[in-house]
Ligand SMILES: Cc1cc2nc3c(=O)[nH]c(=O)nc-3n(C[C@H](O)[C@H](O)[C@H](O)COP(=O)(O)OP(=O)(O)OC[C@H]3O[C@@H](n4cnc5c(N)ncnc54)[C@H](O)[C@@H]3O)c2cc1C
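The form predicted alone is given below as one chain in structure tokens.
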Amino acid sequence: MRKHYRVVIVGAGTGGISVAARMLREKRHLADDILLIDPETKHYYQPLWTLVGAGAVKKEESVREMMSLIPDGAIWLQDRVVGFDPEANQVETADNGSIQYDYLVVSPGIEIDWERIKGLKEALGTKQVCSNYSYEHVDYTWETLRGFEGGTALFTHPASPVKCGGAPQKIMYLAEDYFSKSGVRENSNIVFGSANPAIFDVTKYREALEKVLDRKRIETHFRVNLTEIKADEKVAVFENLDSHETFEMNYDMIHVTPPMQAPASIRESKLADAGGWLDVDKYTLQHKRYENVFGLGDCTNLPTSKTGAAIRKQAPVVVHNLLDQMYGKVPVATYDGYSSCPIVTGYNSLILAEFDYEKVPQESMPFNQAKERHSMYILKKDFLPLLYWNGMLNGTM
């Protein structure tokens, strides 16, 4: 195979495919000179997994064959990038050696670190230990909810950035709704253990969600981080992030949101910041030290929520600025930190949070989006997947 391409894109997830599609729409002459590198054969629309875990959607609806999504004119190399050498303008792959580029787009997503919580990897999918962050195990969340007969249902949020910061609480609200319908709610205690200081960062939505917590009688513990699961004893071990003391909590079921980090190939490269994330300018999405490198999505150090909605706004900025750089212009397109989190609060209700870097609401609907609405639940469940597959990945929205 060729060893040099005009543009190399690492990661054929939401960011990589969106950028490739947009570039080819704008500059058709780049056909066959854009290389997408990704080892996966399947592409997942992960926002649906919350609803899969609650039994509202089948997980098969969230997956497509990768080959069917690669834009016409882009070349897909099914391989894994194991290293970056930005000084030499090349990436190192697991099976195809070094590949050189003129311009690089880095968007391989985020890496889940199941092993950082002692006992989690071994217990996942058994003994009422579940997580919606695994396609393999997401069905077990629904199995666990259906089999729950009362007691303590524990839900966690780790002390790390995560894909969709609202997801850890969404499944909790759905579980509470299901327990009410199945008749076990009065015999149940629902507990949220979160490393965050509050239920949400943006004041408007935080206040609305605090009312949801009160109404659903959910017990909250903030600034606590799950460090260990003793599955045989059904005991969760937490660290208080302020006092650094540890304490235990008994549960009858636990939904764990695992810690996450940038992929090792980025963390161990010259592209990383001190925390291991891809170090890009938060407005132009151009790398801070290598001007022919751009990045977007969950692998970056952008100070906003890691969501597909954020990538939808980032992709056109990357394409505009990369093409400006390519043709000798100064990159001027800017990203304002927009992100969106459709927070499901029950089987027929949703708060649609939209906000920017300043944590200021940036709402797109002509009504108060902090109010729970059935229409917004339908938007998430039925319409956003269609827009994703047929619009966003085609570079048209």
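Residue numbers run from 1 along the displayed sequence. Being a predicted model, the structure only gives us computed values, none of them experimental.
Unshown form predicted in complex with this ligand; subsequent notes refer to it.
Interface residue remark: residue 39 is counted as part of the site for this ligand in the predicted complex, having a heavy atom within 4.5 Å. Shown alone here, residue 109 lies within 4.5 Å of this ligand in the predicted complex, counting heavy atoms only. For the chain shown alone, residue 79 is a contact residue for this ligand in the predicted complex, at least one non-hydrogen atom being within 4.5 angstroms. Heavy atoms of residue 157 never reach within 4.5 Å of this ligand in the predicted complex, leaving it off the interface. Heavy atoms within 4.5 Å of this ligand in the predicted complex belong, among the stretches 144-152, 270-278, 79-87, 174-182, to residues of 79-87. The three marked residues, 11, 46 and 311, each reach this ligand in the predicted complex, with a heavy atom inside 4.5 Å. Think of it this way: in the predicted complex, this ligand has a heavy atom of just one of 116, 163, 204, 223 within 4.5 Å, and the residue is 163. Only one of 322, 129, 91, 167 lies close to this ligand in the predicted complex, with a heavy atom inside 4.5 Å, and it is 167.
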